[in-house]
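Here's a solo chain for you in structure tokens, the form predicted on its own.
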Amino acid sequence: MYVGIIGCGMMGKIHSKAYKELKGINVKAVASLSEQQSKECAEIASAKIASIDEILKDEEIKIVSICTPTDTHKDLVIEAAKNRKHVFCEKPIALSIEDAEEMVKVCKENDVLLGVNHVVRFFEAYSKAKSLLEGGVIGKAVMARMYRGGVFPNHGWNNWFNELDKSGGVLVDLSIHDFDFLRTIFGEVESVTARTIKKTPSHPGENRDHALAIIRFKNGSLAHVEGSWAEPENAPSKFRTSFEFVGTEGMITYDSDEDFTMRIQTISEVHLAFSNTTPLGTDPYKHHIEQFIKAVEKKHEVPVDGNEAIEALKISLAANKSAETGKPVKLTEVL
């Protein structure tokens, strides 16, 4: 199966590496506005460098990965779909619900699959935590605390992360990972209360880079989500994540900086009262892409489709709206 990759920045390179390691998959061409980044991706994937139009018009190419800035996703996904390409798009799916819904609609009309790379679902620590929660190890989960952050992502083309109309800010680009994962645990969201500040003096502009959000779920559960692009350049870790789930019979905690990364404490008489475990280091990007390819081959539902991505986007947009107004925002207010 032939693949094309559009966008050769950090995520384009990650996609190139993942596809390269999968049997029966050939990255035929890559495209980017940067000549140097195109060369790097082409070398990783053993592919040729082409234009976007050449990739979209190539009848041999069946799957296109979209790894460009978020504000370009809509047009590229729609053009790919109209050229009968299955699309694997980086998250967030888009910057507005209207654009995202149009992307889903056009893909459906052209009978192509749309997958969105909400890859945190495939990270070993997160998938293991979900399995433990579903198994009732800590009873009924009722609260969560999530952190995801690091130094400002200055690797973006023309510093696009710092522009709200291109990235959507830290709540849309980064915390959306945790919003999406939390939906798989607690279900649908009722409302969001959020605050954001600007902390990175080296990146002036309107894009506030540190955020807190309180998520209230329809089932009564609560989650505290913190996202940051404001950690100092000399921080010990350039990027780290952590989570804490509290249930009626115990807790599950994880910190990517710790040697023993997951801790389970429980009063259950069935499960161990205390245990440490280090999740395996499998490549979540490769795993997600592999599952998407299987969906294309077997013509079944993709792991994370456009509609799932839209629900995560709604939470992020509600959080941004709450940060702007200083008031709680219900998801029904996000259109």
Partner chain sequence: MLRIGFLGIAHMHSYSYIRQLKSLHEVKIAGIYDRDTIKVKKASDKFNLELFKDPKELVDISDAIVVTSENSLHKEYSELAMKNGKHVLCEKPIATSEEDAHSMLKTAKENNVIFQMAFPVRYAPSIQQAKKEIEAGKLGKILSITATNHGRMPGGWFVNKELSGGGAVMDHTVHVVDIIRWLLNSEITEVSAEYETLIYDIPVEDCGLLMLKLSNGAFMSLDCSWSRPKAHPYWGDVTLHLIGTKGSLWLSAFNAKVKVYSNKNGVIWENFGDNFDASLVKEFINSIKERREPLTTGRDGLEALKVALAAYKSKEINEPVRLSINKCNVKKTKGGENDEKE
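Positions refer to the first chain, counted from 1. If you're wondering where the values come from, they're calculated on a predicted model, not measured in any experiment.
What comes next is about the form predicted together with its partner chain, which does not appear here.
- With respect to its partner chain in the model of the complex, the three residues Ile214, Pro232 and Thr248 uniformly fall within 4.5 angstroms at the level of their nearest heavy atom.
- Residue-level contacts in the model of the complex: of His224, Lys108, Lys128, Arg84, one residue has a heavy atom within 4.5 Å of its partner chain, and it is His224.
- The partner is absent here, but in the model of the complex a heavy atom of Glu244, alone among Glu163, Glu102, Glu124, Glu244, sits within 4.5 Å of its partner chain.
- A residue is said to contact a partner when one of its heavy atoms sits within 4.5 Å of a partner heavy atom; Trp157 fails this definition for its partner chain in the model of the complex, lying far away.
- Using a 4.5 angstroms threshold between heavy atoms, Gly24 stays clear of its partner chain in the model of the complex.
- By the criterion of a heavy atom within 4.5 Å, Gly220 is counted among the residues contacting its partner chain in the model of the complex.
- Taking the partner from elsewhere, Leu174 is found to have every heavy atom lying beyond 4.5 Å of its partner chain in the model of the complex.
- Stretch-level contact check against its partner chain in the model of the complex with heavy atoms at 4.5 Å: of 144-152, 87-95, 175-183, 112-120, the positive one is 144-152.
- Residues are counted as partner-facing when one of their heavy atoms sits within 4.5 Å of its partner chain in the model of the complex; in 296-335 these are Gly326, Lys327, Pro328, Lys330, in sequence order.
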